[in-house]
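Below, in structure tokens: the form predicted on its own, a single chain.
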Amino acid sequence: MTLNRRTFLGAAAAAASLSAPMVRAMGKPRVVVVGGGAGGATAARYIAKDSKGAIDVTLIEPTRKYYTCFFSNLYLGGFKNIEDIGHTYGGLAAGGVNVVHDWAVGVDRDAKTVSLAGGATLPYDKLILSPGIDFVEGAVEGWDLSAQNAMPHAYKAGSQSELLKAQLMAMPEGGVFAMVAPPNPFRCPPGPYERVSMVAHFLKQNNPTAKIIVADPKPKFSKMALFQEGWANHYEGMVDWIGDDFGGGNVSVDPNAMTVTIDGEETKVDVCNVIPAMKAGRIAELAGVTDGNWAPVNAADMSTKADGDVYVLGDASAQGDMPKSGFSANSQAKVCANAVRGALTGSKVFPAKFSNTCWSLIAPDDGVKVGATYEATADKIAKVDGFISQTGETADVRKTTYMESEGWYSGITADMLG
């Protein structure tokens, strides 16, 4: 096996007795970050940048190209190409982050090491986990990961997004698109409903007699009034949302027959987007820092309740009032990076402050948003104040909101990846 360029001969000799090579950087504190999304990439970049090389930072990410879940719905709607939401890690590497494309498959918190699928073992002084989501097994009757090609979730962007788009394009005239929405909490609360909007936009342009059915286990959802206003204005008669009061939580699917059964009534569908209940990415569970679903963390620095040297960011964390969004993960990562750098180098640590905005596109130039600011308390990340778009806003306001989201996307991807 070829050792990492930061490996020193002394460490190699010390690791000779281990079953897999131990990759070390001598003389510097070591931070290992697992997951190269909005949380992990941001944390890795800021620790490397702000420590000016005083901390050895390694990012573990299996994919060589990161596709953002945020804006992936706009790809489905035809507003973006898949290349528009794909990003590489060259900027992070140029900024001093050691980027390793591999799977993290284990954490030994006593030895303070991370095991990789390729056989290497990475030591750490501080470990940051930002693995995103996995799905709760059996959350939707009749569906598991083996059915994700027949009924895609597309809640991890990339090939699943491309698959769902291809299925949309292949729908017969007047066909039926069904979505099984997830229960709370889940990644990006407005996400499924922005997706409905974008699917409706695509179908209105290409298959105007098609229908959309949404089976939802919740009685209400984020920006509900705004989305329902938008559906009535732009896609009248196309979207049938079935909430919990009408059996939206009593759902099963048959991927072979392409049927969805809602409260005992079976419907033949042409495309079915199943978005199951979610939990923290698997590596957080393997590290032993979850409560079974999510990883409880301390609000001041995102360290886990189970281990002060292990931090969990973004979707995988149970932190309080912040939604599971890319903006939230990026905000949490900066707080975490400042705290980790302070702990390892003695630099100044600032009080934790957080913010979030979630934009959603309903139709061309019809954007809406919701957001808030937050502070760290002893118990959780607590909401301080917030804002939300209003129904009945002018076309100019909605266009300005959409343009804000475009600017934010350019800004956050540069902030994450350099």
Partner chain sequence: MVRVTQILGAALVAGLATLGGAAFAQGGNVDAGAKVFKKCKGCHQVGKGAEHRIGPHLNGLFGRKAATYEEFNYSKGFQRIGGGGLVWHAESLDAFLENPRAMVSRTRMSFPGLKKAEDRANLIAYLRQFSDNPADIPEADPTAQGVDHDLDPAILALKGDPEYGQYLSGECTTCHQSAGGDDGIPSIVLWPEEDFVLAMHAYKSKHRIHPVMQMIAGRLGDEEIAALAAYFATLEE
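Positions refer to the first chain, counted from 1. Fair warning: this is a prediction, and the values are worked out from it, not measured in the lab.
Just so it is clear, the following notes concern the form predicted in complex with the partner chain, a form of the same protein that is not shown.
Proximity of Lys49 to the partner chain in the predicted complex: non-hydrogen atoms within 4.5 Å are present. In the predicted complex, the partner chain sits within 4.5 Å of a heavy atom belonging to Ser355. For the chain shown alone, Val384 is a contact residue for the partner chain in the predicted complex, at least one non-hydrogen atom being within 4.5 angstroms. When the partner chain is considered in the predicted complex, Glu404 lines it closely, a heavy atom lying within 4.5 Å. Checking Ser303, Gln319, Asn273, Asn330 for any heavy atom within 4.5 Å of the partner chain in the predicted complex turns up a single hit: Asn330. Heavy atoms within 4.5 Å of the partner chain in the predicted complex are found in one stretch of 360-368, 347-355, 54-62, 29-37, which is 347-355. Site residues Lys334, Glu375 and Asp415 are all in contact with the partner chain in the predicted complex, judged by any heavy atom within 4.5 Å. The partner is not shown here, and in the predicted complex the stretch 61-89 never reaches within 4.5 angstroms of the partner chain through any heavy atom.
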